[in-house]
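One chain is shown next in structure tokens, namely the form predicted alone.
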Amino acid sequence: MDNPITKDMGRAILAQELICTRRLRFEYQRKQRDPVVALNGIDLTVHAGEFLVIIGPNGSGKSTLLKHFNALLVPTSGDILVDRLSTAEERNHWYIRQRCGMVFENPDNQIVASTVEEDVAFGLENLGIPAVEIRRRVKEALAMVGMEKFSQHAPHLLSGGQKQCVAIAGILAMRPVCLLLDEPTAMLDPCGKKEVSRIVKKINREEKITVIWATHFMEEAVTADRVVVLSEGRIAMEGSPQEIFANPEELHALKLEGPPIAELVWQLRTEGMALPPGILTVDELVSVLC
């Protein structure tokens, strides 16, 4: 799909390795107390155009890892390269944060303007983009998330899912190559969760924007290209959704449960029913049973 917002994304979108971490370790420093190790020996490569989901229990390091991907945090030791630039060098931070835009858990904390249009334009104004270009980018970004009809609405009157879509549009307007989503549906109702998930998957599929999604909702990982499971700051498992959720015993040992259908299939198999592994959706299960 040839969309102006992704037409000129520079060399990063052409690179196989968009983000690369090696032996990443990060410690939160505390006054007069021992530091807390949040990440310990993370080796991970994220490829351009990939839909990567990071799962893990609370405190496993998901949010901390995402903040390293756009240089909000820098490693205590080890290396992170984003588009072949080290996050350890402060001179690279401005560029890295434009390339990897981050959307946080609570959409209300990301709204800064009195109308949707002004909110999406906020980041562009800080970049010094000309007014004509700002209007064009805002219109395109709102269309990408299906919010063009709400451009003159007050953000506080929108639903939680719509607010999160506006936050995503604000990042898209700055033309990133990667969306970092930190628990983006945690504050939303089921309808909002479904809508945000649909929009993000559409952006990844049609605009070829890399997506890194951190969540503790297992069903959000079902359609990912790859799943990484964090536990106590380390990568405990890594693979396709079918590979990860075919090992419920290993997930349970990490205090996690797979998606409902995967758990149901596992229980049926333990009761002697001959079902193949890797079934993750209702339609797949119905097809096999029929």
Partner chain sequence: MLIEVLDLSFVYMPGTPFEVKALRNVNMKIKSGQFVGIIGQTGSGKSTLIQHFNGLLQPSEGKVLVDGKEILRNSLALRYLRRRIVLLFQYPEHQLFEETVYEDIALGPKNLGLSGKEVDKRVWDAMRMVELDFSKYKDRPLFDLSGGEMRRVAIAGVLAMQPEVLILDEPAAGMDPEGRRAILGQIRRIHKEKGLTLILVSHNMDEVSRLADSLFVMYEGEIVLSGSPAVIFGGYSRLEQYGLTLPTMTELMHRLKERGCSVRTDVFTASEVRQELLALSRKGDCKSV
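Numbering follows the first chain given and starts at 1. What you see is a predicted model, and the numbers here were worked out from it, not measured in a lab.
Quick note: we don't show the form predicted in complex with the partner chain, though the next part is all about it.
- The partner is not drawn, yet in the model of the complex one stretch among 223 to 231, 28 to 36, 239 to 247, 43 to 51 has residues with heavy atoms inside 4.5 Å of the partner chain: 28 to 36.
- In the model of the complex, the partner chain lies farther than 4.5 Å from every heavy atom of residue 123.
- For residue 16, no non-hydrogen atom is located within 4.5 Å of the partner chain in the model of the complex, even though that partner is not displayed.
- In the model of the complex, at least one heavy atom of residue 256 sits within 4.5 Å of the partner chain.
- In the model of the complex, the partner chain lies within 4.5 Å of some heavy atom of residue 264.
- The contact with the partner chain in the model of the complex, taken as any heavy atom within 4.5 Å, belongs to 157 out of 112, 127, 131, 157.
- Residues of 268 to 290 lying near the partner chain in the model of the complex, listed in sequence order, are 268, 271, 273, 274, 275, 282, 283, 285, 286, 287, 288, 289, 290, the criterion being any heavy atom within 4.5 Å.
- A change of 3 Å or more separates the two forms for residue 149 and residue 208: their C-alpha atoms lie farther apart in the model of the complex.
- Compared with the form shown, the residue 208-residue 166 C-alpha separation increases in the model of the complex, the change being 3 Å or greater.
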